[in-house]
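Next up: just one chain, as structure tokens, the form predicted alone.
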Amino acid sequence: MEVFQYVLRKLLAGIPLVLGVTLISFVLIVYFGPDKTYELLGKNPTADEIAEIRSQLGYDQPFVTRYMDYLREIVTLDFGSSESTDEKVSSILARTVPTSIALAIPGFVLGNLLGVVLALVAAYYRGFWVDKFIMGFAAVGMSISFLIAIIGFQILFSSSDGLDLLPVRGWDMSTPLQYIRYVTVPTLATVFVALGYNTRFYRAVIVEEMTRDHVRTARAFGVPPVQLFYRNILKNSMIPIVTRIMFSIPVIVISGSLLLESYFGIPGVGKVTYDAIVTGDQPILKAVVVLTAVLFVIAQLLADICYRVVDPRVSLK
């Protein structure tokens, strides 16, 4: 009952966030967005023809009326049809979101897991060559553009100048083997770039925890290094680690997939978003903005629940 009440409170608290995001997105994307009136008209349209098209598009409606229609679309999850393909937006998201999740999961999991492991090793050998090597590798990962990393791994694994082992473009999840073949290059590029940021952040958190009084006391009492790092350092570092992991989920699913899917031609929500930006497809853009806001609310909720899991002292209030 306590968890249910907490979840309900957090969901209600997330409503202002969603409303704020939708208001800003409505003003930028819809109200001041591209005017499609003349795209639907021939040459030298008459005033009556212009007025008729603007009425059909709803451009003649007041701001409040158009925004309330947008909120109605959010509540009913009915964003209409794509202006480019005439397919229902809900069908597009139902088809593309699972693809984006399948694309993002391997890089997301490996990037964070390896980041924590490398951070622990670097913190354990702080000041030694191992630490400097790991931090140097992290700095390289942070300094290289995501697009350059994608091109580099594609040349290495997918071109005739490299190993020529994996597909250059496309997507196939018909079998586990095909899925691995198509997801490997995007995953390697994601992990390479993410490791830089994750390792430096996690190392900073762990090193700060190593300076706490309870860690020095445990070390003075002869607690073995492995037990010290696991029970006294890593467990007490999980709050900021969980925060970073959870709040990177919306970014990975939407923003991260946008570049990967556009470059590799993967039919996910990122590719659809990119095409919608290029063509000015407002129904899809509105739906993606709402999806991103909802993901942030869910990420915040999951983060608070995970706080309770990793640290029993945290209460769900």
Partner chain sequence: MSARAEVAVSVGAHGDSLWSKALRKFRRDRVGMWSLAVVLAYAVVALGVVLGLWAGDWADVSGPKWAPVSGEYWFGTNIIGQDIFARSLYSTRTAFEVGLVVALGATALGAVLGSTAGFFSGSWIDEVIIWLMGVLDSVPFILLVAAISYTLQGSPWAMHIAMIATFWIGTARLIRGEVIKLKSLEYVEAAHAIGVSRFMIIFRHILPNTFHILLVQATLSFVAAIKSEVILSFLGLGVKDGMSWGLMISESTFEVLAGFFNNFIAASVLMFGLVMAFNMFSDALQDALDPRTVK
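These numbers come from a predicted model, not from an experiment. Residue numbers count along the first chain shown, from 1.
Heads up, the form predicted together with its partner chain isn't pictured, but that's what we're talking about next.
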Exercise. Do A51 and its partner chain share at least one heavy atom pair within 4.5 Å in the model of the complex?
Worked result: no
For this session: Determine whether any heavy atom of G280 comes within 4.5 Å of a heavy atom of its partner chain in the model of the complex, and answer yes or no.
Result: yes
For this session: Mark V269 yes when one of its heavy atoms lies within 4.5 Å of a heavy atom of its partner chain in the model of the complex, and no otherwise.
Result: no
For this session: Verify the contact flag for L12: yes if a non-hydrogen atom of it lies within 4.5 Å of a non-hydrogen atom of its partner chain in the model of the complex, no if not.
Result: no
For this session: Note which of A139, V117, A94, L177 lies within 4.5 Å of its partner chain in the model of the complex, where distance is taken over heavy atoms; exactly one does.
Result: A139
For this session: Name the single residue among G152, G80, P240, P106 that comes within 4.5 Å of its partner chain in the model of the complex, judging by heavy atoms.
Result: G152
Seminar exercise, completed: Among 181 to 189, 81 to 89, 106 to 114, 195 to 203, the stretch whose residues bring a heavy atom within 4.5 Å of its partner chain in the model of the complex is 195 to 203
